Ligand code: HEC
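Coming up is one lone chain in structure tokens, specifically the form predicted alone.
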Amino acid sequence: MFPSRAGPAARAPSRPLAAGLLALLSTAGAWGADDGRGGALYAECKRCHQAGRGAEHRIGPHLNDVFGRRAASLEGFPYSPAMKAAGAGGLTWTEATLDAFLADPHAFVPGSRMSYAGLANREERGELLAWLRGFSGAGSDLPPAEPTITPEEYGLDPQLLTISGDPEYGAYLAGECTTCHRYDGSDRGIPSITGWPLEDFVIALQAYKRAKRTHPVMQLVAGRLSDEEIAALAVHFRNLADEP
């Protein structure tokens, strides 16, 4: 936003496999890629990632110049230990490795914080990658980056983002969250919430609280929280990304 669980050495394709995949994926026309459709497919990615002029790290790192970049190499983003290990082991993002990652993120990098199950359709992956390619090496010609989730998207009061959260109170409240979500940010079928920007965390929980987002467990949990408690949890889980 590949399939091997044999350990760190298997996290990236072998050189012959990578070369073969790269040959298949090196041109957008190989899959009849449609830039317009790729942009539409990116709508799901933009919940966590920004791409374009002024793009910043949000729940996930920005995706400008992702092609040719070593995994976990951007400054200022709290990558998971699994992604850091993959980058240290030589994983570099190419058409081949990005395609494999999009197909099944957690098989390719077990323990990744990527909260995305994968995109099974090969042609759609090609279209999405062709669209993302336009944000690599394009310099100042990039269009402005779209925001991630916003209060307006769910009809929320923007003043909810101005509440100052108490991290100690958030740590006290976090026990219910960590019944499912792991403190280390790893994914075991439950999305990571560690290291999220404050605004994204607050918007997500407020949307569940007000039934703007649908998930029965999350609606039940968030519905019991005050606005101040949500702000406190947001600070606590953001700060966890800074802990060793």
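Since this is a predicted model, take the numbers as computed values, not measurements. Numbering starts at 1 and runs along the sequence shown.
The protein also exists as the form predicted in complex with heme C; that form is not presented, and the subsequent description refers to it.
Given that the partner is absent here, does K209 sit within 4.5 Å of heme C in the predicted bound form, heavy atoms only? Judged by the heavy-atom cut-off of 4.5 Å, K209 is well away from heme C in the predicted bound form.
If you check in the predicted bound form, is L98 within 4.5 Å of heme C, heavy atoms only? Heavy-atom contact with heme C at 4.5 Å: present for L98.
Is there any non-hydrogen atom of P191 lying within 4.5 Å of heme C in the predicted bound form? Answer yes; at least one heavy atom of P191 falls within 4.5 Å of heme C in the predicted bound form.
Indicate whether heme C has at least one heavy atom within 4.5 Å of a heavy atom of C45 in the predicted bound form. Taking the distances in the predicted bound form, the answer for C45 is yes, it comes within 4.5 Å of heme C.
Contact assignment for heme C in the predicted bound form, among A130, L156, A145, M114, heavy atom within 4.5 Å: Among A130, L156, A145, M114, a heavy atom within 4.5 Å of heme C in the predicted bound form occurs only for M114.
Between 194 to 210 and heme C in the predicted bound form, list the residues on our side with a heavy atom within 4.5 Å. Read in sequence order, the residues that approach heme C (within 4.5 Å, in the predicted bound form) are W196, F201, A204, L205, Y208.
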